[in-house]
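Just one chain is shown here, as structure tokens, and it is the form predicted on its own.
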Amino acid sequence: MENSASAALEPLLSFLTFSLSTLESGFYKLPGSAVVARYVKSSHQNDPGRTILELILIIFAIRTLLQSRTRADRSGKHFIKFSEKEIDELVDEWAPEPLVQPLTEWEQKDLSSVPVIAGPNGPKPKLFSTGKTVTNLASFNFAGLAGNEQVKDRAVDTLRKYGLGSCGPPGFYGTIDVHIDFERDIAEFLGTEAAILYSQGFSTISSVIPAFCKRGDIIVADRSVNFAIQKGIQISRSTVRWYDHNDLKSLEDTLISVEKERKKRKGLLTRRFIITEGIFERDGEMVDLPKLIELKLKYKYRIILDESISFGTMGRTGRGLTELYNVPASQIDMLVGSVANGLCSAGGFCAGSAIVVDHQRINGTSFVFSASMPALLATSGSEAITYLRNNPSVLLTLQDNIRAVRAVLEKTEGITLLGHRASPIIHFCLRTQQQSLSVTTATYDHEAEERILQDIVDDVIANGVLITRAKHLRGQEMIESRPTIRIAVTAALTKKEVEKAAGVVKTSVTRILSKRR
């Protein structure tokens, strides 16, 4: 009987053995199966109860994933049913949370005080609210190119030939011949190997920085750089060391301390950058470029220089600080500028070696993912460069106007002028015992000073001169700036006109401050 039973079960056992052998060989063909098998064998040998528990948990997890998310049946008996009336009442009672905090009384007043210009901008625009023509000392029309007929005619011709939009990013189908011509014009104008165009001015420097500076790299930057540079540094995620505003002795001390830290921890030599502005947008100070280059060469750093204010305003033909200090542009690794400020067009650029420019065509996020600038703006920029080359006297007029404005405002009681004497933007703040823009070293009532300065701005505008307060994003910028009024001098006005406008500002300052006393 036993022999006959064994003979009957032998085919079944052979099939099971064959099946298990096939499954085992198939299992071991899977990647990582040997590790799983070794873990199961060791776990079962040491603690069989743990293996059973793990199998139960695996089965439970699979069941949880496969089962329905709710226990409701098709009848929906587990859901609460509302009548149409109840639904309407709930909708009426619902109050959505505001996306932003409501404006304060001061913010509403500040917003309503922004002047609106009717028609084209220029040295003497017309206000929409009153219809009166005002002298414009608020726009960055330094060389007086806004409304220039020569530039305007070239833009109109381009518009008729190419249309308005560029239809795509530069790397796809947004690049046309006028963009290439404009890049070549900028490079030849500055004396660099190549240049690259960005369609937005703000995103130029904030894209150039993270294109070269990565995590682990070292950035040494001025504490008072503009907001666009701050965003670029933040995006780069590099290690940042700050030095005192426009203090190259503080910069050198910081460079020395960075090198000491590296040697102390025996770290590898990584990429290192110095980031600063030519003329600081925050207060009009100017960097000592020859000394900056000397420190760069001595401590083996690369320089990213933002010339958004100095390009088109400084030097004999507007080439910026490199022309002013007679320094070869090749000494600056990444020279960044604004087409909107210097050439009264739009966008920005980065000039440097061919390697630096080609790298950005793939790694510059604002270049890769933004539509290229309209063709008419590119030709307007090229025409503006031609105008600066052929009319260097316009920059002499600009400097004469700057000196005229400063001469009047320096005699005004109750305010202090800030910045370099050649800067086309002039800031002034209310005079206190401590004249510092940094909130860490000066004590003042920020909102109270803003209100006084806004009263001055409103009074000046009412008397036919357009100026503005320097606007900053409180709570978002790295340092909190002292409230100032910013005057943008232009070469489009005569010396008598800017002297008269500065006299209006002086009178308004005296009038408003006398009422406050």
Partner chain sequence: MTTTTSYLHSVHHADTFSIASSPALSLSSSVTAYSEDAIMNEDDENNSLAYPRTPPTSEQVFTTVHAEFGHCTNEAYRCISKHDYTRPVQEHIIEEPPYYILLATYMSYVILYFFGYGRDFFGILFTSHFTHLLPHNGYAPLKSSFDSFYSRRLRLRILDCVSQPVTGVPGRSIIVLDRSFTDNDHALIHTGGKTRSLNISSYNYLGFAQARGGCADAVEESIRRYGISTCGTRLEGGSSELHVTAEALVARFLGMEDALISSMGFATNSTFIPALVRKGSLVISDELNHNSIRLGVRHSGAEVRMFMHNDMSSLESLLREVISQGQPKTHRPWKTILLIVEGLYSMEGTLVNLPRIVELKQKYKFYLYVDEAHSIGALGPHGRGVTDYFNIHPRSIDLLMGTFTKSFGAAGGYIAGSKTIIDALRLRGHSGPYAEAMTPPVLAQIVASMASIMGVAPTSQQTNSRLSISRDNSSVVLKENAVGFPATAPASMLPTWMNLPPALADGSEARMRISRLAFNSRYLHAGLKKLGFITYGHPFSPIVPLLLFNPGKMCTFVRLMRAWSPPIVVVIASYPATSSMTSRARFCTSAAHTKEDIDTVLRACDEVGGIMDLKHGSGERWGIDEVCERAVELVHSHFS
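The model shown is predicted, which means the values in this text are computed figures rather than measured ones. Between two forms, the rigid core is defined as the largest C-alpha subset superposing within 1.5 Å. Residue numbers count along the first chain shown, from 1.
Below, we refer to the form predicted together with the partner chain, which is not included among the displayed structures.
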- Item | Among the candidates D445, D288, E413, D177, the residue which, in the predicted bound form, approaches the partner chain to within 4.5 Å (heavy atoms) | D177
- Exactly one of N246, Q399, S330, Q234 comes within 4.5 Å of the partner chain in the predicted bound form through a heavy atom, and that residue is Q234
- Message: Quick check on E323: any heavy atom within 4.5 Å of the partner chain in the predicted bound form?
- Response: no
- Item | 4.5 angstroms heavy atom contact with the partner chain in the predicted bound form for D153 | yes
- Query: Does at least one non-hydrogen atom of F428 fall within 4.5 angstroms of the partner chain in the predicted bound form?
  - Reply: no
- Item | 4.5 Å heavy atom contact, I279 to the partner chain in the predicted bound form | no
- Which of 386-394, 417-425, 107-115, 247-255 sits within 4.5 Å of the partner chain in the predicted bound form, heavy atom basis: 107-115
- Note on the structure: Checked 374-394 against the partner chain in the predicted bound form; residues with a heavy atom within 4.5 Å, sequence order, are P374, L376, L377, S380
- G475: Cα shift of 2 Å or greater between this form and the one not shown (core-aligned): no
- When the two forms are laid on each other by their rigid core, does V100 show a Cα shift of 2 Å or more between this form and the one not shown? no
- Indicate whether A462 shows a C-alpha shift of 2 Å or more between this form and the one not shown, with the rigid core used for the fit. no
